[in-house]
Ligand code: GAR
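Have a look below at one chain only, the form predicted on its own, in structure tokens format.
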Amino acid sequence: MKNIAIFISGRGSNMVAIAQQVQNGILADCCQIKLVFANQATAQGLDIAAKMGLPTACLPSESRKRADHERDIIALLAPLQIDYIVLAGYMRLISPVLIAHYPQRIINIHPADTHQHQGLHAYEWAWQQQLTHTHITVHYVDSGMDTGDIIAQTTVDLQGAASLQEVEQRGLAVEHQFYSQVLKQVLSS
């Protein structure tokens, strides 16, 4: 049984999907959520996680040097014996400090093919490019932005999508299932 910490910065919809799979789904037999962590005190996902009975913590990152902030995160996680960090809408680049402490054990989901689009607004990019499909990529985190080794990818059908909102809804529906499926493979090995 692996111990995971889920990192969020906002509403935490992927965190909720993962937590539901841990509580009574495909992740129930391979991991436990030891912490839902946010770098922003206003992250709505913290309240949602607490209502789900999950332990939460916040260390605000604003105006802090990345390396100093991550040393505090490492100290926070140390007693929890975390095996993997799962980024679920964590909107801060990870530095070599945290990566060195959890090599190939920080996982992220990105709503595009990371070879085609890195960074923010991937669904907006797909909409503006008028793509008929886009990808969801689960990858290990390295010191670049969405440049780590790809673990798995899947396709999102965008044909007939009438708005950016519809593109986002279709993508999130896939993300919420796919991330847990990939985590099951990684955490069970």
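Every value quoted in this text rests on a predicted model; they were computed, and no experiment measured them. Each residue number is its position in the shown sequence, starting from 1.
FYI, the form predicted together with glycinamide ribonucleotide isn't displayed, but the following is about it.
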Residue among Ala88, Ile82, Ile106, Ile73 with a heavy atom within 4.5 Å of glycinamide ribonucleotide in the model of the complex: Ala88
Tell me, please, which stretch of 118-126, 53-61, 27-35, 156-164 lies within 4.5 angstroms of glycinamide ribonucleotide in the model of the complex when heavy atoms are compared? 118-126
Heavy atom of Val174 within 4.5 Å of glycinamide ribonucleotide in the model of the complex: no
Given that glycinamide ribonucleotide is not shown alongside this chain, does Asn14 nevertheless sit within 4.5 Å of it in the model of the complex, heavy atom to heavy atom? yes
